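Single chain ahead, written as C-alpha cells, the form predicted alone.
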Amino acid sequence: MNYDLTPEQLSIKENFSKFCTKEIEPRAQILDKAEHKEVEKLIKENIKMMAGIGFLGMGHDEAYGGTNLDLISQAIAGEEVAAACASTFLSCGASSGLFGMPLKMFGTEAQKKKYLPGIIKGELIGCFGLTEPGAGSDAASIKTTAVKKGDKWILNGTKTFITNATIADAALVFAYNDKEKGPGAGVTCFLVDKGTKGFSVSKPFDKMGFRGSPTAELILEDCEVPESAVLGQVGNGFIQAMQTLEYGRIGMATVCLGIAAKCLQHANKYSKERNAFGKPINRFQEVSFKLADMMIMSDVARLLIYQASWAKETKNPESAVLASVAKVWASEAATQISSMAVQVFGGYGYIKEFPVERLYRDAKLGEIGEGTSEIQRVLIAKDLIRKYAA
C-alpha cells in the first residue's frame, strides 16, 4: 500500500497552497464581516478566481472545459481552498459539485453544453435544491410538487438552506411528480433558470458561520418549466440526489479537514510565540497535548477522505458508507480541533480579529450539512447490520 502522493498531486497541493494563501485567504475575514450585498460581490469574485486556477473543472470532462482529475486530487486541492476560506470552498462546491455533478452523471448533451462550460469558467453559478423547511434529514418527505400540463411542468414548493441561492443563475429542484410511487420512483429533478416566472429567492439567512457563502430559500409559485428541464428520467430524482450526496459528503469532510488543518497551523504558530511563566506555552503539556490531538484527528480525517475518494473513484460498493465515515469523523474532529485552537489562543481566540474565532464558527456546519452526524450513523449502522445479520 503506497501512501505517497504522485508528482502531479504534489504539484496540485503546492500550486493551490500558494495561490490560495496569496489570493483567497486575505479575503476570508473580509467576507465573514461583510454585509450581504458585498458578500455576493466578493464570493462571485472568489468563484471566478478559483475557476481561473482550474478548481471548478477538476471533476468535469475536458469536452466542457474541465480536467477530469481523480477525487483524491480534488480532495488535495479542496483542503487548500478550505484552509484559506471555507466559504469559498462551500460556494464553489455547491456550484461545480452539487449542481455540476448531477449534470455530468444524468444530463443530456444539450443540458451539459448549456450549463457546464459556464460553471467550470465561473461565469455561471449553480445551486442544489433538495432540503425543505419540513424535510431536512428526512429528505423523502419533501412537499414540492411537479404537475405535468401539456409539454410543461408546474412546480410549487419551497426549498431552504440552499447554498448560493442568492447568486445562482440556475438551480436543481427536486419535486414529487407522483407521491403514490414514493421517493424511489416518484421524485423528479428539474433545472430551473434564474428569471423563470414563478421562481424567486428569499433574503439571505444571517448565519453563525460560513458567512461568506450566501444561503437562502428558493420559492416556486406556479413555476413553469419545459420538458427539457427534466434532468435524466422522470421519477429518478431522489436516486440522483442520493448519488450526488455521496460526493457532497466527501466534499463536506474535505472542507472540515481544511478548517482543522488551518486551526492546527494557527495554534502551533501562536503557541511558539506566546510566552507564559517564562517560556513558550507549547512547552506546557496542557498545550502540547492539544496540538498532538489536533494533529492525530486531522491526519485520520485526511486518510479517511482519501479512502472514501479512492473507493468512489474505483466504483467500490463500499464507497457510500466510507463517505459517511469520513464525513462523521472529519466534521466532529473539526469542531473539536477548532475549539482546542480557541483554547490555545485563550482570550484572543474569542476576539474576531483572530482567525480561529471564525474557524470555530465555521466548523459546526460540518456536523449538520450534507446529512447530519446522526443520519450518517444511521447509514453506517444499517450497513453494519446488513453485513453481519444472522
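The structure displayed is predicted, hence computed values, not measured ones. Numbering starts at 1 and follows the sequence shown.
Same protein, other form: the form predicted in complex with a small molecule, not shown, and the subject of what follows.
Put simply, of 251, 100, 129, 237 only one has a heavy atom within 4.5 Å of the small molecule in the model of the complex, and it is 129.
With the partner omitted from this view, the residue of 264, 125, 187, 162 that lies near the small molecule in the model of the complex is 162 [heavy atom within 4.5 Å]. The chain is drawn here without the small molecule; in the model of the complex, the stretch among 70 to 78, 300 to 308, 276 to 284, 154 to 162 whose residues come within 4.5 Å of it by any heavy atom is 154 to 162. Not one of 380, 384 and 389 is positioned with any heavy atom within 4.5 Å of the small molecule in the model of the complex. Within 4.5 Å of any heavy atom of the small molecule in the model of the complex lies no heavy atom of residue 58. At a distance threshold of 4.5 angstroms between non-hydrogen atoms, residue 136 is in contact with the small molecule in the model of the complex.
Among heavy atoms of residue 11, none comes within 4.5 Å of the small molecule in the model of the complex. Mapping the unseen interface onto this chain, residue 372 counts among the residues with a heavy atom inside 4.5 Å of the small molecule in the model of the complex.
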